[in-house]
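Starting off, we have a lone chain in the form predicted alone, written out as structure tokens.
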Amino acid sequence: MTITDDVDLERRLRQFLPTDVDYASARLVDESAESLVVERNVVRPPSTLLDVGVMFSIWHDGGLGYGATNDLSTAGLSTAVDDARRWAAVTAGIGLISEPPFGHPTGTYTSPVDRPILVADLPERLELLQQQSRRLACDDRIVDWAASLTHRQVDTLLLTSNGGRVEQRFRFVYPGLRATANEGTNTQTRTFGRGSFCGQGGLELLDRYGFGDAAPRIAAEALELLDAPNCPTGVMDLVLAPDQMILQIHESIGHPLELDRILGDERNYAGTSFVTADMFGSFRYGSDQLNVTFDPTVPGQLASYAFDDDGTPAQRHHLIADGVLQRPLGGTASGNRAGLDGVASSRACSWNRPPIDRMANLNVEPGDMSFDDLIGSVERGVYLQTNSSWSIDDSRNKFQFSCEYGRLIEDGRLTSTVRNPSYRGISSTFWRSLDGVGDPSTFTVMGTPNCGKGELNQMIGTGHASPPCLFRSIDVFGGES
């Protein structure tokens, strides 16, 4: 039982929702989390989080105000409502908001969980990590290593002034593995997807991603990189594994399509976008093999939900269809501002932040090529896995990304391992070079747990799924060039 089950609190929240305004809502968030780490076979002190609070939102006379508090007493709730009223009055004359864009939804959502993570008690969870830590430490050249497991429980309750009620219960799991090998001046690190193998569920998520068997491979690949040559430099074909595709999707599709960024809201903090409002419906973002969906309905993906944090029902939409840009990542409010159809993407990281335009599950849809077909169609190129660093300009256009692990592709075959592989490009030019998309058997559902955006900053999880993809004639280079 969580605080969202508190019938008396729900009654009091409803009593505080004003009825003399155009629209009002109360969004209650109850979060708990635990993070366990075994580093170099040493159990670190567990980290825990308990956080609960409520945000009131008031729309009136063209203004919008927020008031948030973790004091759930009558006095605390009253102060938060007064704050929301005051800010709604202050913003009423600005002219950015014309009318309340939201209905009064009702519904529920619960993360799919087969085996709740707390079925395994704390000693069992620690023993699992200790076992993985010992497997990582397989060689004296492994100088640093760690195994981790974080789980979060987030329960939310959204109430609106005209009887709306949305209750959602999320269960997140984030496993991690890392091995760093060193020999002389050469240091190489290999990870378990750099945190991308995460999602909603329970202990079954560890089996879904092969967590129990991954440590020996990760350690072996870190050691293998010590003896590998630097990645060659030149223009060549590029095949990206799903755990690198998620970074490519996130940075060069997700952020450029955020509508508040396009409208200029992020200009002073995280930049703008090369995308403009008049591009939707006509701009060729990629080749005709590029199909990108916004889909919060995927079972078990990190950012799945039934309603966004403004109460808009979640639906699957194509953002890019056959390479052509269709619609932005914008919630109802910014969609109304821009005169564009958006998606249910208004999200907040907690009770003390207002919802803003965010990615949720942003996925590249499968094509029709097997992995062997993708590799077999390359005469000279590289296959890259797992992002290690990224850089992209303020308009989310020019980028440069590096990966943990690479293998050469020669005459249609994977051959030797290369270290420090990197590549660069321009977003739309890069996606137009897409020439092969893996079939459904290669499609992998993952996520990014730590996307930051907004002032005050909001750290939130975004889901990404993709097959491996083939890009032609890409500028590739080695980190030691």
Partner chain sequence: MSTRAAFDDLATWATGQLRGEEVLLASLVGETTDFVRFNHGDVRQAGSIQQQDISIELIDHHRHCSASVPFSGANDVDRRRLGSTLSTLREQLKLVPDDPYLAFNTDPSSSEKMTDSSLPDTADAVQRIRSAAKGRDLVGILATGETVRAFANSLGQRNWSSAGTFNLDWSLYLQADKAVKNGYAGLAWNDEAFGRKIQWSIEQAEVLKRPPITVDPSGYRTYLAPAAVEEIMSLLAYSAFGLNAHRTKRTPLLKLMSGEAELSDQITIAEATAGGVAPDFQSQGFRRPDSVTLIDHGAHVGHLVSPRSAREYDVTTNGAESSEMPESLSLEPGSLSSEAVLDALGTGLYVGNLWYLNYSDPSACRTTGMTRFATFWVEGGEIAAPVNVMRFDDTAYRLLGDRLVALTDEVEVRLDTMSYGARSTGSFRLPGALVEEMRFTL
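Numbering follows the first chain given and starts at 1. Just so it is clear, the structure is predicted and the values come from calculations on it, not from any experiment.
Here the subject shifts to the form predicted together with the partner chain, a form of this protein not shown in this document.
The partner chain contact at Phe430 in the model of the complex, heavy atom, 4.5 Å: No, Phe430 is distant from the partner.
Residue contact check: Thr332 to the partner chain in the model of the complex, 4.5 Å heavy atom: Although the partner chain is absent here, Thr332 would stay clear of it in the model of the complex, with no heavy atoms inside 4.5 Å.
Contact label in the model of the complex: Gln289 to the partner chain, heavy atom within 4.5 Å: No, no contact at 4.5 Å.
Close approach of Arg413 to the partner chain in the model of the complex, 4.5 Å, heavy atom: Arg413 lies outside the contact set for the partner chain.
Per-stretch contact check against the partner chain in the model of the complex, the hit in 200 to 208, 213 to 221, 168 to 176, 140 to 148 (non-hydrogen atom, 4.5 angstroms): Within 4.5 Å of the partner lies stretch 140 to 148.
Contacting member of Arg284, Lys398, Arg135, His317, with respect to the partner chain in the model of the complex [4.5 Å, heavy atom]: So the residue touching the partner chain in the model of the complex, by this definition, is Lys398.
Candidate from Thr106, Thr79, Asn162, Thr110 lying within 4.5 Å of the partner chain in the model of the complex - any heavy atom: Selected residue: Thr79.
Non-hydrogen atom within 4.5 angstroms of the partner chain in the model of the complex for each of Leu157, Ala321 and Ser370: No, because Leu157, Ala321 and Ser370 lack any heavy atom that approaches the partner chain to within 4.5 Å in the model of the complex.
Contacts with the partner chain in the model of the complex - residues in 386 to 401 whose heavy atoms fall within 4.5 Å: In sequence order, Ser389, Trp390, Ser391, Ile392, Asp393, Asp394, Ser395, Arg396, Lys398, Phe399, Gln400 come within 4.5 Å of the partner.
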